[in-house]
Ligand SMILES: NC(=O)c1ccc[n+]([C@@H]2O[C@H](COP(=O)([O-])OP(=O)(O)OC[C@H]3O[C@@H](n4cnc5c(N)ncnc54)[C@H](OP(=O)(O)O)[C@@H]3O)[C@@H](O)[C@H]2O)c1
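Shown next as structure tokens: one chain only, the form predicted on its own.
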């Protein structure tokens, strides 16, 4: 067990950030939430309530601010990619001190943005697999019986990454330290991109995609795995398809849920990132490109999808 509990800032107390903050707070870690003013006011007034299949029902007091003003030991960034720049403006590097910054975002390109703002020795890549949703300000529904976290860093000292993992593990989270940051990020994207692009394009859960769009599912999986391999992360397409086949048929992606609610989606961070990497490495990804372009066209033609991000071309 770690000798002392680290203080934490959680940037974006939504489904992921709210869950992790509550779990850390329950374990005794001092937690401050960095949130928009209305969310901060709700948290300060009523605290944070989590209904979790894995951790049970939690209610913890919450201290929230619109801008980080003092140092912390770890800063978990748990916003959507579409809100990243605005969120990082609320975390001045000089206020952070020497704390580690751990983004838990989809995609791969956000690491460049983080390292442009913070000392590279303080930035740790993170990935989380969890189904957790913000159902209201300060109210989180965690419906998966797991919350698997992986961390790795090409720039932070390994001993600090190990210490971070020990802190998270002590709080009750399932954490693995990986040796390869690139593999960590791309392995998640190879699973997420086919799921997100096809459930959103079909406006249907994964079971429909598996049954009615199997050729597209296999094609996108193969294309994204080929791009990942060129980027330095070898992922077996058959393994990814096996994982997608094992997921409940009713599963929807977060991109699909955002599109259904007319919220900004992470199309650019997911599909756009794959296409940009494909071009850099000379990889053809025609089915992925078709889905991304058609989803972007829907967003500009007023067919119900929200803003899907900047061009991936």
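Positions refer to the first chain, counted from 1. Fair warning: this is a prediction, and the values are worked out from it, not measured in the lab.
FYI, the form predicted in complex with the ligand isn't displayed, but the following is about it.
Here the chain stands by itself, but in the predicted complex one stretch of 195-203, 101-109, 208-216, 164-172, 101-109, has heavy atoms within 4.5 Å of the ligand. Every residue in the set 12, 36 and 130 has a non-hydrogen atom no more than 4.5 Å from the ligand in the predicted complex. Proximity to the ligand in the predicted complex, defined as a heavy atom within 4.5 Å, holds among 87, 241, 74, 184 only for 87.
The partner is absent here; in the predicted complex, the one residue of 115, 134, 178, 160 having a heavy atom within 4.5 Å of the ligand is 134. The closest heavy atom approach of residue 233 to the ligand in the predicted complex falls outside 4.5 Å.
Residue contact with the ligand in the predicted complex: residue 266 places a heavy atom within 4.5 Å of it.
A residue is said to contact a partner when one of its heavy atoms sits within 4.5 Å of a partner heavy atom; residue 16 meets this definition for the ligand in the predicted complex. Not displayed here, the ligand is approached by residue 79 to within 4.5 Å at the level of heavy atoms in the predicted complex.
Although the ligand is not shown here, in the predicted complex the stretch 193-216 places no heavy atom of any residue within 4.5 Å of it.
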